[in-house]
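Encoded as structure tokens, the following chain is the form predicted on its own, with no partner shown.
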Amino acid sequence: MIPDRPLRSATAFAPASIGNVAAGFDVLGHAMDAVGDLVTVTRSVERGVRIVSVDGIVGDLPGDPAANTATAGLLRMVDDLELSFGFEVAIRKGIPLGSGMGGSASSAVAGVVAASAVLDVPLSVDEQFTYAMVGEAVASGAMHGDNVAPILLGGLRLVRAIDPPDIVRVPVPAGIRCVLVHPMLRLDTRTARAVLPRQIPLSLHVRQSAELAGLVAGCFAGDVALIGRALADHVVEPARAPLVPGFHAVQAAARGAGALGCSLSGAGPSLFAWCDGDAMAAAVRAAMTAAFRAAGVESEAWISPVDCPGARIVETISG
């Protein structure tokens, strides 16, 4: 809940995300409420957008607001809304760059949510999504909402369309947990997109579509077994797996420990696994990190409910 206006400053937290969720390339994603970014936006007399600080686990982000995911959408906002004031922005990164954890989208969403809070009239959800997409495109070079939507709204989201936004909440059985394992590697989204096939056989498209439909149907029906059968990627994963040392061993370890499914998180190099219950999630996390270690790669890991909150205001200062 945002306090009485006007606000001079607001800080928003935006969680990490799992993009694609196996078969849902660029259209399906869910929030991961274990780690995230913080962005503070303060109204300034001077029109425009200025980055005043960057800290956290990443300190070398672009200082040009047009080239920074947290501020690119705010520049568009200032122009579109013809604001008489501007924004000063402080960024605290909690998500590593090039991790496949939705870091660019997290900063973009946090910036827009915080900026919306200090406007005289806050943005609608669709407007927040649209401005956050501007920031996401700066990092990835493409308009895809599978990270922005769940980070903004929480839970598992299907992005049927971007313009205008058509975002569908997909319910997930309450016991489903996600294990997210980040190897200490960096893989930029643009690099990972460059290896994707430009064409696929019709039969492969049909197979992938069946997996996506099965996953969504399983979630709506609460059918954990169907979710496990459908949590697979036959198009993107084979192209990107060679970019991640130890991928197949880690995936096999997750499945061996009981995971419903395991695949790349977004563009990688992180991997995610869905698990039925906390005990299975703990066992899968241990198995995946051990497999990465055996491949000579150290990693860090988190566990989160799939149906978890999205971005929210965590601190405000009145005007």
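Just so you know, these numbers come straight off a predicted model, no measurement behind them. Each residue number is its position in the shown sequence, starting from 1.
Separately, the form predicted together with a small molecule exists; it is not shown, and the next lines address it.
Partner contact region in the model of the complex: 142-150, out of 203-211, 142-150, 166-174, 245-253, criterion any non-hydrogen atom within 4.5 Å of the small molecule. The small molecule is not drawn, but in the model of the complex it has no heavy atom within 4.5 Å of residue 271. Contact check for residue 288: no non-hydrogen atom falls within 4.5 Å of the small molecule in the model of the complex. Using a 4.5 Å cutoff between non-hydrogen atoms, residue 193 counts as a contact of the small molecule in the model of the complex. None of the heavy atoms of residue 36 is located within 4.5 Å of the small molecule in the model of the complex. Judged against the small molecule in the model of the complex with a 4.5 angstroms heavy atom cut-off, the residues 20, 240 and 266 are in contact without exception.
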